[in-house]
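Single chain ahead, by itself, as structure tokens, in the form predicted alone.
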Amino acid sequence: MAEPLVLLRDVSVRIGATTILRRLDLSIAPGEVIGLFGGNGTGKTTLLRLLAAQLVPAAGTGVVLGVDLTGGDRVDLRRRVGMVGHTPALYAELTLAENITFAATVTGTDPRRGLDALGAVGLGQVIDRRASRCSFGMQRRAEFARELMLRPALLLLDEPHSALDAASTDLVGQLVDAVTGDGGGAVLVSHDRERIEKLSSRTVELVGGLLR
């Protein structure tokens, strides 16, 4: 049996003096897609940040892509995890092409793959437009293009369908399939239960910082 991509055991996360996540157990196998639900303030985004090695467990053990979250090479891990959050992580004054070329350079990826990915998400005609002049939906698609280019081993999407028009919503499934088809895994956070359940292998729910 293949080693899990994610293995959390009895993990708690505190921010300041506040415990956000409590005694979590979670495993994600290669090719698996987890739908993560929960009300506002239950810790969904905090869990994504933990998996992206942006936070360290206050208690318990956590291993993501073979890296111990408390003492492993978290810088290297961050390069292997793709995350698309609420706010687009693009450089506003750079064009879409410049943004994706920069990401390619930093990661040692052929930038031509990024330009091809921009075309694949329907942005091929606007690659020279500054990110600041793009709609939120266009910026979201550009971030999907970045992840299509990078093919992370673990993909984290926070409200992935937000700001996408009806013609663009299939891009979420295409991105997830591209990652899991390579043996990666994905975690999808959303209030849109119907759409996410269709994409997920299984679903879990955060209630008051506890995973059910």
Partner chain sequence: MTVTTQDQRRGVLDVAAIVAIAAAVLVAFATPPEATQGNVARLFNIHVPSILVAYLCFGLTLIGGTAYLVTRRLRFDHLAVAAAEVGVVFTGLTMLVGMIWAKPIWGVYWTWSARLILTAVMFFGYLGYLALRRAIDDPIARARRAAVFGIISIGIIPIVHFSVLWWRDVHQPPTLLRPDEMQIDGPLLAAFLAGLVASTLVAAALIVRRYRLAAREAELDSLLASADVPVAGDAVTAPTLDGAP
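It should be emphasised that the depicted structure is a prediction, and the values quoted were computed from it without experimental measurement. Residue numbers count along the first chain shown, from 1.
This protein has a second form, the form predicted in complex with its partner chain, left out of what is shown; the following refers to that one.
- Task: Spell out, yes or no, whether the shortest heavy atom distance between residue 20 and its partner chain in the predicted complex is within 4.5 Å.
- Result: Residue 20: contacts its partner chain in the predicted complex.
- Message: Please determine whether residue 191 contacts its partner chain in the predicted complex, using a 4.5 Å cut-off between heavy atoms.
- Response: No, residue 191 stays farther than 4.5 Å from its partner chain in the predicted complex.
- Task: Classify residue 14 as contacting or not contacting its partner chain in the predicted complex by the rule of any non-hydrogen atom within 4.5 angstroms, answering yes or no.
- Result: The answer is yes: residue 14 has a heavy atom within 4.5 Å of its partner chain.
- Counting only heavy atoms, which residues in 23-43 are within 4.5 Å of its partner chain in the predicted complex? The stretch 23-43, when checked against its partner chain in the predicted complex, contributes 40, 41, 42 at the 4.5 Å heavy-atom cut-off.
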